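A lone chain, given as C-alpha cells: the form predicted alone.
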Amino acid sequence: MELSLQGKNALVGGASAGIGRAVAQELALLGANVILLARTESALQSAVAALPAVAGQTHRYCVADYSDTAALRTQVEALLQDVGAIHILVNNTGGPPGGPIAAAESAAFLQAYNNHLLCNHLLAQLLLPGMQAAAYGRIINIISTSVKEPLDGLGVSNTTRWAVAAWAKTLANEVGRFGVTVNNVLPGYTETARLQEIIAKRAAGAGQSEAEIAESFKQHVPLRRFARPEEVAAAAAFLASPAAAYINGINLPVDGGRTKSL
C-alpha cells in the first residue's frame, strides 16, 4: 500500500489545535511538507515546531482569518508563489455557535456559510490549477456526522455542513478526471475544545455535571468512548495518500459507530 506523501505539499486549515493540528501531524509523518493555516500566530508557531521532519521536509504556517476572505485570498496567493503547487487541501475550521434553528439569526447563517462553504470554495479554486498540473490532488473536508443525521441544538451547523457536503460531491464529479479527489471526513464525538463547549452548555441547561453529560454522550457510541483527534486525522491522512486514489466523493464517518444510518 502506497501511503508516502514525500514531495507533496499540504495546506491544513484550523491547524493550530484539535483535529486540524492532528491532521497536520499525520501528514507530516507520511512525508508531506505541511503548511498550517489558522488565525493565531503564537499557536501556529508552537504547532509547526512540534511537527516531525526528516531530511527534505519543510513545514511552515500561514496566518489568516476566514472572516476576511479578501485577505485570505491574498495570503494564499502569496503562499503559492513561494511554494508552488499544493497537492493536498484539508478544509477545517471551528463550527458555528450552537442553538435551535428556529432561534437562529440570519447573520449566523451568513457567517457560517462564509467560514465554511465560501472559504472552502476559495481555497479549492486557488489550489486546483496546481493539483491539475501535477495530476495529483486531494481535497478533504472535515465536517460532521450531521451530514447524515442532524444533531440536536446545532441548527446552523447542521445546515451549513449539508451545504459543504453537497458542494464537495459536486466538485468531486467535476475534477476527478484530473486526478483530483474530493472527500469528506465526518467526525463524531471527538476530544476537542468544541466538544467540551457543547458538553458544558448542555450541562448548564440540564442542571447536570459535565461528567454526567459526557457519559450520556458516550452511551450513544457503540465503542463507549470519544474519539481522539489523531483517530480522525488518520482517516484524513489515508484519503490524502496515493492508496486512496480511487476513493472520490464520499462521506466517511469516524464516529465509533454512533451514526445509525449507512
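Position 1 is the first residue in the sequence shown; the rest follow in order. Quick caveat, the model's predicted, so the values are computed rather than measured.
Below, we refer to the form predicted in complex with a small molecule, which is not included among the displayed structures.
- Contact between residue 40 and the small molecule in the predicted complex is found at the 4.5 Å heavy atom cutoff.
- In the predicted complex, residue 14 approaches the small molecule with a heavy atom inside 4.5 Å.
- The shortest heavy atom separation between residue 253 and the small molecule in the predicted complex exceeds 4.5 Å.
- None of the heavy atoms of residue 158 is located within 4.5 Å of the small molecule in the predicted complex.
- Partner contact region in the predicted complex: 61 to 69, out of 61 to 69, 208 to 216, 24 to 32, 233 to 241, criterion any non-hydrogen atom within 4.5 Å of the small molecule.
- With the partner omitted from this view, the residue of 220, 201, 228, 194 that lies near the small molecule in the predicted complex is 194 [heavy atom within 4.5 Å].
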